[in-house]
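Shown next as structure tokens: one chain only, the form predicted on its own.
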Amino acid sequence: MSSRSTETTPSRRPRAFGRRELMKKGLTGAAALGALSMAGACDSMYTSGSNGRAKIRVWTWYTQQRDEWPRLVDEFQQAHPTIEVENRLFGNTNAYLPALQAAVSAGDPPDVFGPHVLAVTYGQAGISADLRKELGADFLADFVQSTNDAYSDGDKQYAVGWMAQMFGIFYDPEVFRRASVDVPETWDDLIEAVRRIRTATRLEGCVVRNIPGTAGLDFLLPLVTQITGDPKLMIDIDHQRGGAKWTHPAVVEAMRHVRGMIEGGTISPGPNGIAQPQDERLLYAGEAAMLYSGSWIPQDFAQSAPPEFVRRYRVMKTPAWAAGQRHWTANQAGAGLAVSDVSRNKEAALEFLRFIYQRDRYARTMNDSRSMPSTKSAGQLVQDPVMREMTQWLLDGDGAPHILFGKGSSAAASNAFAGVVGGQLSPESAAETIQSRVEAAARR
């Protein structure tokens, strides 16, 4: 594509979304409405080109690449002198999501943005472009299928994965040696391993955090896939497709399993009160034997943990439901990139995506930030040994869905699961509560 073709050109005028329409589509929240006036005032200056150049705004909260984004932007602008990129990196999702929703409310979403859990909803509302149509099936074929599935609705795909996620159990092999236990294959093996570790060392077992409120779903939802062997079921339940409901027996069984491990001491007490980086500190400070978490851990440990621990820690696959079965674990890509379908510079935004996903450039960005790539070609080039092992699980297809994009699903499931973790709700009543709240959200 020539740089000239990406210059600012007349195009569709961004459509403003009224509050009633947004409420109907479930795109607003109290925080978004509170930030509306601020974003509306600030963002109008960004939507026009300057000095004859097309301007694209890139909004993310991906602080893991704080040092990488400026380099990507600089390289892109040197290769495309008629396009100006404005990179805005938010510190966290609490600041990011209200600003994004406010920009959408004003009819002026960023040209490229991280869609978070609203990825499919924004696509269905005509806010995010169908990247299968815009970038082509050949471009998307390099992405791991589970990350494509996360952002798809029917034959359309509204985002692509940026940092993939893969979950496992991080552990200190020195603790395992002191207790004379091997890496467990199944959950029953893990329960026995924790019993022996606690007897030998008096350490807590496996840390699972549930702060923020969606964190516990990272642990719970892959169990549904483990029980059924069907990674699509959780996606169908999330979107209420084909009669799939939250009251499915596998959902109830998964919650019973978690509750049992909390009551038996396999999972460390108080997941509802454990947040990141507290969970990481419990492991590297020698207070717990294991930590269930995601592929951002190598990056965090390199920055925070004692060097001797960084040299010796290891990661194991999430235990299988039964011996010989697959070790399904949470993956997808919570960090993705979408393109505004109403952007006057959509072609420039699409060209930016093509540029930053070029194999060597993308692999360098992921390696330099110890992040997990979402493409198969970059996955072959991962350098960090722990990250390389986890990426292989991703390429082997052991990933299971754990991020909820359906209307009302994420809030309903996370709140009800917190009740199960805390002992206030039975697994059966929690499943019924989630289903009723999702149905209520669909009616609004």
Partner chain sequence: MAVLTAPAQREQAPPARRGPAARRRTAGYLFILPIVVFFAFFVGYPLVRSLYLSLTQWSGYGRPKFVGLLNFSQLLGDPVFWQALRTTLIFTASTMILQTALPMLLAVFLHRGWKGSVVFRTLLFVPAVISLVVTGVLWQLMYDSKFGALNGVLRAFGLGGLAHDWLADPVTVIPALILVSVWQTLGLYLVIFLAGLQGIDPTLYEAARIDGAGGRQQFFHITVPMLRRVTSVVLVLNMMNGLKTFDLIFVMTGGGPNHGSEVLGTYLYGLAFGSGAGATPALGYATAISMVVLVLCMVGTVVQLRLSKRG
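Only a predicted model underlies this, so the values are computations on that prediction, with no experimental measurement involved. Positions refer to the first chain, counted from 1.
One more form of this protein exists, namely the form predicted in complex with its partner chain; it is left out here, but the text below deals with it.
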>> Counting any non-hydrogen atom inside 4.5 Å, which residue from 127, 144, 169, 220 sits next to its partner chain in the predicted complex?
In response: 127
>> Can you pick out, from 394, 58, 382, 416, the residue that has a heavy atom within 4.5 Å of its partner chain in the predicted complex?
In response: 416
>> in the predicted complex, does every one of 165, 299 and 322 come within 4.5 Å of its partner chain, counting any heavy atom?
In response: no
> Contact between residue 64 and its partner chain in the predicted complex at 4.5 Å, heavy atoms?
Replying inline: no
>> Residue-level contact is defined here as any heavy atom of the residue lying within 4.5 Å of its partner chain in the predicted complex; does residue 344 satisfy this criterion?
In response: no
>> Considering non-hydrogen atoms and a 4.5 Å limit, does its partner chain approach residue 273 in the predicted complex?
In response: yes
> Taking the shortest heavy atom distance, is residue 278 within 4.5 Å of its partner chain in the predicted complex?
Replying inline: yes
> in the predicted complex, which of the stretches 242-250, 157-165, 185-193, 113-121 has residues with heavy atoms within 4.5 Å of its partner chain?
Replying inline: 113-121
> Can you name the residues of 417-444 that have a heavy atom within 4.5 Å of its partner chain in the predicted complex?
Replying inline: 418, 419, 424, 425, 437, 443, 444
